[in-house]
Every structure is written in C-alpha cells, then in structure tokens.
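As a starting point, one isolated chain is supplied in structure tokens, in the form predicted alone.
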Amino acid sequence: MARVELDHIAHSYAPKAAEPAYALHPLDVVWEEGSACALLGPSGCGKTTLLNIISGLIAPSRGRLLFNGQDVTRLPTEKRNIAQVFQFPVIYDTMTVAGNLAFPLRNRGMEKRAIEVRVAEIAELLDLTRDLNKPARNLTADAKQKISLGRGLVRSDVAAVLFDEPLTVIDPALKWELRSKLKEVHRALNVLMIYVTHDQVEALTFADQVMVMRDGEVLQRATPAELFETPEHTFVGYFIGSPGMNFLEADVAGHQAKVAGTVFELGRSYTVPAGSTKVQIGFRPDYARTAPSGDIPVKVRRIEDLGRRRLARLALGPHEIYATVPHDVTIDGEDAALTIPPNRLFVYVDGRRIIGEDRR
C-alpha cells in the first residue's frame, strides 16, 4: 500500500504545447494510504489521462509522481505495484476462476499452499468461493468484473487499485450490488482505490473524496457532502445533483440580489470584484420550497411527482427554476411563490463561488 503524490503534474498530447492547450493542467494532490477517491467529470475532462499517468501508461509532460516519497514518474507500469480494473473485464477464458485469481501470484513464484490460502481469502471477500472451479468464460459480466478486481487485490503488496469506468457494461440492476461490494472490499483491505467515472452516483457512493474535473482542470476536490452543500464552481453545482443547482444571473450588492426585478435576501453581505463579467446566485432545488404564498412570486409551469419528492418547474421572468413542493402543499393554477433560506443562497462570480461577510 502507498501514499500517492502528484507534484505539479500536467500533460499535453501535443509536443511543446502551451499550458492553455494542456489535456491536464498542473495539479498538486496527495492521496493517503487507505483512501477511496473518485475522478468525476464528462468525457474529455482529463480523468483518464490522469489515471494513465498514475498507472504508467503515460509519462506526464511536467511534474513528478511519487509513491511513498519515491519518484516513479518514469518507471514502467510493472514496476509500480498497482492493480487496474478496466471498463471491460479482463480475464483468462481458458482458466477457472481460481486459476485467474492465482495467476499473478504464480508469476511471482509464491509457494503453492500460500497461493491457495490467499485465493480463498479474496474469493470469500468477493463472493466467488462457490465459483472457484468454474470456467471463467461461463460467468456473468459482473462476476467477471469481480474476477478482474480479485486478480488485482490478490497481491498483498499492491500500492493502489485503479478503476477505469468499471461498471459501464454491468447490468443496471447489478450496479448497486457491485458498488456495495467495492465499498466492503475497501473497508476490509484498507488499500488506496482511485475510481474514474462520469456517473455522479458511482462517484458519490464509492468515494470519500471526489475530484470534479472539466477541460483538464480540477474544479473542486471535496467529500460528497461538501460537493452537494457548497459547490465551489457553477459546473460542480450543475453536474452534482438531479436536477442540478439553479443559477440565475443577478445584480448583487450587499445582502441583496436582484433577479428580473425580484429581490433575494442573502445570508451574507457581498462585494462583487471590479471587472467581473458574470454574476450569478445559485441554490439547490432541494432547499427551495414552493407554496401558494412566500417570498418570491413565480409561475408554475409543471409539477412532477417523483414518489419520494415532488419537483416544480417554475418561471421567474425569463428564468427557469426547479424547486421542491412539499407533499402537504397544494398549488392550484400557475401562481405560486418560492421560499429559500438565505444561508442556502450562494454568489458566483465568473463561475467561482465568492465568500461574503457575516451580516452580524
């Protein structure tokens, strides 16, 4: 197991490219032993490039990669003691499940009895014990992905386990089960796991720390709760949550924001920096309450009953807003109002959240 450090790592696929053209912009990150981390973002955001740098498939254009303080930037993959689980399960079809799990240990010359003990331990952890003597080719996709994971975990010296979209080809009904199994494995083995995905549900349910990426840049690194409660960038607020955060262009001065002639009371007092080109307020639909009367007059366009909650699609001037409708509230017609706790309203300037002064 290892502490992995990215020391000003950056990468460009074009030779001698200027920094604005980088596929991965300069990044300083430390992942501690035993952490569960996720790289989350849309296609082309740089998350797979970063994973390939950690695995040794790509040498970065700039910076150093350290495992437990040792510079491994130029070391080949086989010298890094990492395990990889890919989007498509990689197994040896001609072998049994036990043979697949034992393969890395036999290659290292481990004694036969020790191999059997270790294979049995990993099989038990992954619920593969009753399949050990079955041919791997006959198993389901999720079982094959467990084998792929197990082949990486069977080595006790593995520094980190890297996952590259590992649940993409798994049946949706089985994804929850496999995600839960990954969490169990992580708790049992306390190994560093780094998980790449474009799916926020996978990232937020798996990881203790999530890095949200866009255009080669890390916009925020935080816990799942922090990403939801206090997104530091408008993209993070929009990307996390279903639906994502509401963002409205506003005129902000002091403790008030004006949107389409309507005043929003803010929990703090704000001074917008000179030269700013775009000022917005943002709030989660989860904390915006729709009712027949309240602070902010709106028009109801549609109410969707999702079972556990009801969502309203509202109009405030030219702006579309999503908000919650409590189950005990009845709204007749299109006239309604919105109430948002001031401490749930954030101010963003040119995409970044700014911190206001306490009004007290």
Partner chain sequence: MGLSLENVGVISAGQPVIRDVSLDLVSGSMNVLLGPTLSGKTTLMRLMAGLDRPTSGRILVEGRDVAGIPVRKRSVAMVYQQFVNYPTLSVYENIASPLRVARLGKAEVDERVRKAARLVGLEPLLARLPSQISGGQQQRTAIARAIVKGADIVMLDEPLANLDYKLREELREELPRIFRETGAVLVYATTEPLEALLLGGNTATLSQGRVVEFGPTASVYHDAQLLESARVFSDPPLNEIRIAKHGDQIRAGKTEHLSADGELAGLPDGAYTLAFRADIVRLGQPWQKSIRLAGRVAVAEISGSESFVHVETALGTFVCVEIGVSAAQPDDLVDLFIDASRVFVFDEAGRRAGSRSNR
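This is a predicted model, so every value here is computed, not measured. Numbering follows the first chain given and starts at 1.
We do not show the form predicted together with the partner chain, though everything after this point is about it.
Scanning V117, V201, A253, A188 against the partner chain in the predicted complex with a 4.5 Å heavy atom cut-off leaves one residue, V201. Shown without its partner, this chain lists R221, R214, R179, H233 as candidates; in the predicted complex, only R179 has a non-hydrogen atom within 4.5 angstroms of the partner chain. Judged against the partner chain in the predicted complex with a 4.5 angstroms heavy atom cut-off, the residues S43, E229 and H327 are in contact without exception.
Note on the interface: of 303-311, 61-69, 29-37, 329-337, the segment with non-hydrogen atoms within 4.5 angstroms of the partner chain in the predicted complex is 303-311. Proximity of K183 to the partner chain in the predicted complex falls within the 4.5 Å heavy atom cutoff. With a 4.5 Å cutoff on heavy atoms, G267 does not count as touching the partner chain in the predicted complex; it lies far away.
Using a 4.5 angstroms limit between non-hydrogen atoms, E121 is distant from the partner chain in the predicted complex. Although the partner is absent here, D142 sits far enough away that none of its heavy atoms falls within 4.5 Å of the partner chain in the predicted complex. Shown without its partner, the chain has D286, Y287 in segment 249-287 as residues with a non-hydrogen atom within 4.5 angstroms of the partner chain in the predicted complex.
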